[in-house]
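Two forms of a single protein chain come next, each set out by itself as structure tokens; they are called structure 1 and structure 2.
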Structure 1
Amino acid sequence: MRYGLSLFAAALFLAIFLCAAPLLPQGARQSTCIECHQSMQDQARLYQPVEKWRESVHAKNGIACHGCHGGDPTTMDEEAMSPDKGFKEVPKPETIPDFCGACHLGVKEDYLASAHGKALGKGGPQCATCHGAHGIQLASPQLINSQSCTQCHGYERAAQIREALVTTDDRMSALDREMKSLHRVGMEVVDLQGRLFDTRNTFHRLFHSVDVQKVRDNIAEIQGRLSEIALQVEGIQAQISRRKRGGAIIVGLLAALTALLLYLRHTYSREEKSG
């Protein structure tokens, strides 16, 4: 009897699962691009992109092979890579900015207007020179270093930009941490966090201009905005410490009052005994 019941439950569970499986989101299933390419272990050119991509910021944000290359990730043969299915030619260095710019439009504009963009196809770097193509990681000023920036020119101007970026980057991270700890103790900081987020976006657009003077001018303005935010954060912190001090005074007063009462009771009972 019991056995029959659990068998029935198992069958019911299986039926529900089979009905629900086709409803799983597209991304939860493997793409045919990945399945086929990772099986080509004898051709590094074809399987290495899969290994590098797995560790990338794009993989973490659900951008897979077809996000960049186009094509149909549900077809299990080489038809997946037919131009009819939107598959693009592998980009040459000169077309990579357009290729990445399909999604990173603002960066592409800043880049094309810069000394680097103007030297595209004439010895200038393109997106993948600095970020790579498949193993792309979160961007940070660490991408600016004497190894990768001295392939074509000296490091001096690069170092100036890096220094300006690092100081501001550190200050933003510190403010962000302080706001998070204020938020944890129940303070209202949503507005301030929004302002920091906007400032951070403006800041992160700066680098691709690679214009030392422009970066410095803009950073002066951004530092001004950060100082205003910092002032408000300090205001909230002062408010908390005033509250704590107020609390401490009340606790102190209560303790003094208790001591006084105990003392009075003590002397009172002594007087009763002696009287």
Structure 2
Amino acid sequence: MRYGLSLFAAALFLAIFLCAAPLLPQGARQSTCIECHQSMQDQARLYQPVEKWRESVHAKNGIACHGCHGGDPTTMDEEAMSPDKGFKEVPKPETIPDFCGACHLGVKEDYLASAHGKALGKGGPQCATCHGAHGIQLASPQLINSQSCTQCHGYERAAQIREALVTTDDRMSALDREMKSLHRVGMEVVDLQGRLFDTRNTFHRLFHSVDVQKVRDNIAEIQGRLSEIALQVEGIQAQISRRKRGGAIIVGLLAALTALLLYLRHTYSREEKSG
């Protein structure tokens, strides 16, 4: 009886763990910041940031509160939010580029050199204006839209930038899917994924220049990089196809050989009986 109860308890614990584990991405599961804030459901100002974060690109990549705000994510003690632990208060709008730029150095550089960056502190947009504060959205052409852009100015130039970016963004997404598919069948594509990652970063920097001509001038170079990556992906896919065809031929030959052996055995047995 005790043995049965132990098995039941173990199974129950495993089920609870498997159900609960997906709620937090890898790298964020040990964060006491999340545990504390999600318990404050009666205080929307403190609770909602965690809910928004769960849907963010940061959460999907295992980047939790302390990745941006610092502090000690391993303790509930008040010292967790001490400056001595590297904790950073909520940034003011004009300091957000420096706050985000601690990780996104290239993007910060292009942003500050752009018309948006030059309007910082004068009512101009900063990172959170387009990407959100906690529900951080990945840089993509979809962020360039009439609803967002017309809050400050006309949409004509922004529409030209978006049009120039869409095809390239779609191509990178398709290559990413193909490489993940190749990885799932055991093919070595780490170097290719790294090259695509670097190309995507260069591409995303273009978003922040808000310079139509710069975007158009650089798209050709990025498309060239993608063409090189695509050729290598096609080569790996062709290699897989050749292996499949070779495997099919071998299986066919083995099947034919098996059928021949069975026929010969049957013929031999029949001759023995008739003899």
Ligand code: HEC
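C-alpha atoms forming the largest set that superposes within 1.5 Å between two forms make up the rigid core. Please note that residue numbering is based on structure 1, beginning with 1 at the start of its sequence. If you're wondering where the values come from, they're calculated on a predicted model, not measured in any experiment.
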_Structure number of the form predicted together with this ligand_ = 1
_My question is whether Ser39 is one of the residues whose C-alpha shifts by 2 Å or more between the two structures, given a fit on the rigid core._
no
*Please check if Ser114 moves between the two structures, taking a CA shift of 2 Å or more relative to the superposed core as movement.*
no
*Once everything's superposed on the core, is Asn201 shifted 2 Å or more at the Cα between the two structures?*
yes
*On a rigid core superposition, how far has the CA of Thr168 moved between the two structures, in Å, if you could check?*
3.1
*Report, in Å with one decimal, the C-alpha displacement of Gln223 between the two structures after core superposition.*
4.6
